[in-house]
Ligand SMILES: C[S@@+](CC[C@H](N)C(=O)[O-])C[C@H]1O[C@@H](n2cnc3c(N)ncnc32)[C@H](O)[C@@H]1O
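Have a look below at one chain only, the form predicted on its own, in structure tokens format.
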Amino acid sequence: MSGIDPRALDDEALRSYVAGCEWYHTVELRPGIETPGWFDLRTVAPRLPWPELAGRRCLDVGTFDGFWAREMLQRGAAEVLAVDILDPRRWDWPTGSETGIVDALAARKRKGDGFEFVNRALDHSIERRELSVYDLDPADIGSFDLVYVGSLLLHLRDPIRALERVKAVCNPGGAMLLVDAIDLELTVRHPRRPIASLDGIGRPWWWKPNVAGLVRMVTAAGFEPTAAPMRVYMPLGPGYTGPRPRPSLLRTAAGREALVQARRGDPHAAILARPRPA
């Protein structure tokens, strides 16, 4: 994909090309031509608690196809840097993970080609660097007025250390907008007690907290939420190939979660937080 210029393709060729690739984000490239992403976040973006971004410097952590980086650009950011780990083999994999699962995620990631393809199609100049959240360093990339962290903590062995690195690159008057996966049943059963479920078997799925647990992660890393967390559901896109609704899913917690995801979207919570002074 890296050698293909989408601007040189007519509508039919562009539509055919994007249909033959796997995408994480749904993005409109031209009127009526969209990438068939696993998630379609366009209805969610306007509902999030964005601070004022006009003229600000922003960072998108774990950008994938770059939906949120472009959202910040459209909201007036003067500069947006996007970071990601393009090779899934460098992710936080539990011991004993099967090679086939790693390869499948590598195929979906496609070495970040989706980001560059969309960048060219929309004539954007967003810079992307291959950088782990654990390695965020103001001496390397500077500091930011807003850091967006989306659907990432679930995949990290050490989410609080990751948030501490996010804090390290936040300006003193800046903020972090965290939008991450939550365990819906734990949220309902324990609305105030910080608690999380642990996966860590065969894939980079680790801690999934209830809403109170996600807030605790944020405060433990040195942030102060500006308001109560907002529960949101991330709608599935046309490229989603996971479980479809069926009555048998109600028998297990994982099945009930899949049913909610298929019908309403993936349960997340959004938290806008400011770094506490050292």
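Source: prediction; values computed, not measured. Numbers for residues come from their place in the sequence shown, where the first is 1.
We do not show the form predicted in complex with the ligand, though everything after this point is about it.
This chain is displayed without the ligand, yet in the predicted bound form the stretch 130 to 138 from 72 to 80, 130 to 138, 117 to 125, 193 to 201 comes within 4.5 Å of it by heavy atoms. A residue is said to contact a partner when one of its heavy atoms sits within 4.5 Å of a partner heavy atom; W207 fails this definition for the ligand in the predicted bound form, lying far away.
Residue contact with the ligand in the predicted bound form: I85 places a heavy atom within 4.5 Å of it.
Shown alone here, L152 lies within 4.5 Å of the ligand in the predicted bound form, counting heavy atoms only. The shortest heavy atom separation between L41 and the ligand in the predicted bound form is within 4.5 Å. Out of the listed residues V102, L156, L184, A175, L156 is the one that sits within 4.5 Å of the ligand in the predicted bound form by at least one heavy atom.
The contact residue chosen from G213, P229, G222, G62 relative to the ligand in the predicted bound form is G62, the criterion being a non-hydrogen atom within 4.5 angstroms.
In the predicted bound form, the residues of 22 to 54 lying within 4.5 Å of the ligand by at least one heavy atom are, in order, Y24, H25, L41.
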